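Just the one chain here, the form predicted on its own, laid out as structure tokens.
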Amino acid sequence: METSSGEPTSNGFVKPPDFRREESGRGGAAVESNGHGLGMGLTLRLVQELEGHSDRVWSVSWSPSGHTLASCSGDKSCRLWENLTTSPSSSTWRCQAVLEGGHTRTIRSCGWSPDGKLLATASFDATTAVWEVTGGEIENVATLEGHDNEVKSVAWNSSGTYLATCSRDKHVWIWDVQPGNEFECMSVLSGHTQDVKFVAWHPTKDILVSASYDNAIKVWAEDGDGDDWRCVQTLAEPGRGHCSTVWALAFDKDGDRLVSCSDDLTLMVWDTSADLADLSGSGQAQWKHSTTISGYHDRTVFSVHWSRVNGLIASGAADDCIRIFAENREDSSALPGESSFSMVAKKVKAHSTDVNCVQWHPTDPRILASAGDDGTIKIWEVIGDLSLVG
């Protein structure tokens, strides 16, 4: 079942959110870790709760420097939060700007360009807005139109030359970023049979992955020297792929592995080290399923993020919980090409309702941001010896 905003819930009904409207933050105490796997020496400390949105918060995105956190909401606004000190673990985050007027419906996703000068916001109004953030000034410099329905996710490639968007219209669009804040659609990718929930770029290559309500992950690459793109692989192996909606995706720092999360309550890790540029239709270079992380979340897993600083995987779900996983690097039972992971920390009731998004800080290995249906953003600090698990 889908809610009035177009997003399916895991149990067919919408939980009434407890929205807060104040912009001030509140600090908190340390929370529990569990007692399995790698010694479980990590805890999460609530640094600050950021309030100001008047509807559920769908997504958060760190600027490349980590100085600014963007959040987007069902209230049709995007907020920019900055820390008044140089330490992201201090409880001095404040809302510095509210971006309004760019959309007429829910803003579902937001993402910074690699140079931190542009912020893209994707909306249920079927448009993507691009905002220029320079010298304290913020301007809506472009509105990208073309999707036939709600835009669900937005992502920039590593060089900032391409912007990808995906929609409930089952399509993925790739936009060419041109001088003067001009954007031209260079390719419309068709292949998914249902709502496309999420797009993410490889951290070093112009390879795009998309996740869908059709339970599949598709891998897209440029076809030769032209502007055409094609699906080079679909990750939906019988018995080895997800059996329900795939909500989000994240690469590790090198792009050699990908983690996905799903309505089927699992995380899946994929070996993405094969060079798909050499595929040439031979089918020999393939990304492969590596392991499934299951038995932890008991409701839909909406978000997953692989830290490129500490190597940990964070997940957020409709069970209101945040969990953190680390790889078992000395697991002798793992088969060649496979890996195993253990949960090294968790926070029960991280938000009072669904955790919609988790995002690791881009430079600080201990800072994690989350967003929830309760209308808040939370900044967390990982406490413990990261060298034992990362």
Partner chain sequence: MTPGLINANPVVHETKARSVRQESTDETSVDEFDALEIFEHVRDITDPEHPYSLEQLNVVSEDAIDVDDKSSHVTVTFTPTVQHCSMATVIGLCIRVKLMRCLPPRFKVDIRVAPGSHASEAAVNKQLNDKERVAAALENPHLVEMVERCLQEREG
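Positions refer to the first chain, counted from 1. Note that this is a predicted model, so its numbers are computed, not measured.
Just so you know, the form predicted together with the partner chain exists too; it's not on screen, but the next bit is about it.
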*Looking at the partner chain in the model of the complex, is some heavy atom of each of N215, W247 and F302 within 4.5 Å of it?*
yes
*asked:* Within 4.5 Å, heavy atoms only: does N356 come near the partner chain in the model of the complex?
replied: yes
*Using heavy atoms and a 4.5 Å limit, would one call R105 a contact residue for the partner chain in the model of the complex?*
yes
*asked:* So, N140 and the partner chain: in the model of the complex, are they within 4.5 Å at any heavy atom pair?
replied: no
*asked:* So, K152 and the partner chain: in the model of the complex, are they within 4.5 Å at any heavy atom pair?
replied: yes
_The unique member of D320, E222, D252, D264 whose heavy atoms fall within 4.5 Å of the partner chain in the model of the complex_ = D320
*Of F124, W156, W93, F183, which one comes within 4.5 Å of the partner chain in the model of the complex, counting heavy atoms only?*
F124
*From the candidate stretches 78-86, 131-139, 110-118, 238-246, select the single one in contact with the partner chain in the model of the complex, where contact means a heavy atom within 4.5 Å.*
238-246
*Residues from 171-197 in contact with the partner chain (non-hydrogen atom within 4.5 Å) in the model of the complex*: Q194, D195, K197
